[in-house]
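For reference, the chain that follows is the form predicted alone, supplied as structure tokens.
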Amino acid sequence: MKIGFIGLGVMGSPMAEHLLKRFKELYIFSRTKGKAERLIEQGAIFCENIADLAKRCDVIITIVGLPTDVQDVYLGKNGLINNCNTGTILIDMTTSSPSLAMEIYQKAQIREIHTLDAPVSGGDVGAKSAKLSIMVGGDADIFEKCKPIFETLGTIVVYHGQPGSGQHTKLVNQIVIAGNMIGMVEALVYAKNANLDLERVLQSISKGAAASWQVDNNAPKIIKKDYNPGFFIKHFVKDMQLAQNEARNLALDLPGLDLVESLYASLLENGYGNLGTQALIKYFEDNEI
């Protein structure tokens, strides 16, 4: 099985490395070739364009930035759908639009190409340790064929049903994260203003009812003023906007998500888009709260 991988960012690079170690042969593409150098040194084969990679692979995984990037990679003239061989399996692990996942599935079916939407959660930590949570939508038989790939990248792999259902599940995940993040950041702001030792506070709350992934992973980064991205603010804003669009389609009002989206949008406007999501604390610092 010849595997291709497109998108070598914070998440994609370690994921591609795990696949190369297990399957030995991996074809890669990135718009910025410099991001591919580490993998090339380990034996990955760099393709000069998407069309070249598409013709050489049986399974192709993508994890790119925005839904517009997904659209270009899959549906563009030189994209995957127009250049893959019959029977190729395409797996999009980007957090994207459920409706776009369905559109890609339908257009791929015409050319006898298979697709899965399989977004992930776990951040750069999960990608590096191969402990991602993977949420999959698409045809059940194709999901079964791809299980060895998913199990190379994550420890929780769940099939959710029809095309787009993986993306819907990821948006559920992002809504939960939004609530957890604002709760964790406000708690640290309160603790700081109460003159508490923040590290001791985390000792007390991290194993009780307030325990969460955000408390374990992002709260310590905030204390150290480490705002390097495990997940970019600009990408999280995109995810919340996707969730808002889908909520409107379902005639839902999500006031908690409205609040968190507005706070992150202000950070984006102030030039913080390339920082990690834990930099939400800067909203409070900049406003001297």
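Everything numeric here is computed off the predicted structure, so don't read it as measured data. The first residue of the sequence shown is number 1, and the count goes up from there.
Another form exists, predicted in complex with a further copy of the same chain; not displayed. Remarks below refer to it.
At a distance threshold of 4.5 angstroms between non-hydrogen atoms, residue 205 is in contact with a further copy of the same chain in the model of the complex. Of the heavy atoms in residue 168, some are within 4.5 Å of a further copy of the same chain in the model of the complex. Interface residue remark: residue 59 is not counted as part of the site for a further copy of the same chain in the model of the complex, having no heavy atom within 4.5 Å.
Using a 4.5 Å cutoff between non-hydrogen atoms, residue 54 does not count as a contact of a further copy of the same chain in the model of the complex.
For a residue to qualify, one of its non-hydrogen atoms must sit within 4.5 Å of a further copy of the same chain in the model of the complex; all three of 189, 213 and 284 qualify. Contact with a further copy of the same chain in the model of the complex, defined as a heavy atom within 4.5 Å, holds for exactly one of 85, 78, 106, 193, namely 193. Checking 102, 130, 142, 201 for any heavy atom within 4.5 Å of a further copy of the same chain in the model of the complex turns up a single hit: 201. Only one listed stretch (63-71, 28-36, 46-54, 242-250) carries heavy atoms within 4.5 Å of a further copy of the same chain in the model of the complex, and that stretch is 242-250. The partner is not shown here, and in the model of the complex the stretch 37-55 never reaches within 4.5 angstroms of a further copy of the same chain through any heavy atom.
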